[in-house]
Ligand code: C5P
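For reference, the chain that follows is the form predicted alone, supplied as structure tokens.
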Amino acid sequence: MELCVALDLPTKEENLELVEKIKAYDVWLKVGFRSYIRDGAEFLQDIKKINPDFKIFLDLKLYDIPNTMADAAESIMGLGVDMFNVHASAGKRAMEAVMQRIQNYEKRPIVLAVTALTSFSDEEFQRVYEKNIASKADQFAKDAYESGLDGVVCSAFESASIKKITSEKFMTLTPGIRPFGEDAGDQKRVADINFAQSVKVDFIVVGRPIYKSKNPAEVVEKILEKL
């Protein structure tokens, strides 16, 4: 299991300060909507200047018509990131288009599909998708697997089932991890490290428990010790 630290702070400077504090650790860094829209590709380069060995997960959740998603995926190839994601609800044709477009690159990033956002309660999810989270997440994961993607973004509670219906090697990345039982905030389906390990999660994303700490490096070290 690998740790992915979410760079979700209000400013580029605060994010880079956090990166500086944890530069000695072998972790992934997640760059999401706010950071990328505000700071752009230059921000990715700034991260690599601090430590070129950092692996970057670009969390933009592509969701559009198949050709537009494939175009966007091809543009991402030029950014030098190590992982990006799409929305599984865009459908198999869109996911297949993405994978087909980038298949001939010598070194492509890991590509994941978002199943159900961890902020959804089951009731909220059913209003949108008319199925419960567990069954729909399984369906989305199967679609992603058959489309040639490397894995999915899901909560820890769906990980075991998804691996069972796809493959043990099909990756699961779980946001909303509260390593030591911290407050869930706006997340509904959160888990701790022990549970994530028990269901064979491949990547855990941790944000607030790290960047709200007075000593982020210490928290990262404690998490890595548990992993």
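If you're wondering where the values come from, they're calculated on a predicted model, not measured in any experiment. Residue indices: 1-based, along the sequence shown.
The form predicted together with the ligand exists for this protein as well; it is not shown, and the discussion that follows is about that form.
- Query: So which stretch, 67-75, 102-110, 117-125, 137-145, is the one near the ligand in the model of the complex (non-hydrogen atoms, 4.5 Å)?
  - Reply: Comparing against the ligand in the model of the complex, the contact stretch is 117-125.
- Query: Heavy atoms within 4.5 Å of the ligand in the model of the complex: does R178 have any?
  - Reply: Heavy-atom contact with the ligand at 4.5 Å: present for R178.
- Message: Residue-level question: is V153 within 4.5 Å of the ligand in the model of the complex, judged on heavy atoms?
- Response: Yes, V153 is a contact residue.
- Answer with yes or no whether K21 is in contact with the ligand in the model of the complex, where contact means some heavy atom within 4.5 Å. Answer no; every heavy atom of K21 is more than 4.5 Å from the ligand in the model of the complex.
- For P209, is any heavy atom within 4.5 Å of the ligand in the model of the complex, or not? Output for P209 is yes: heavy atoms within 4.5 Å of the ligand.
- Can you tell me which residues in 50-74 come within 4.5 angstroms of the ligand in the model of the complex, by heavy atoms? Counting only heavy atoms within 4.5 Å of the ligand in the model of the complex, the contacting residues of 50-74 are D59, K61.
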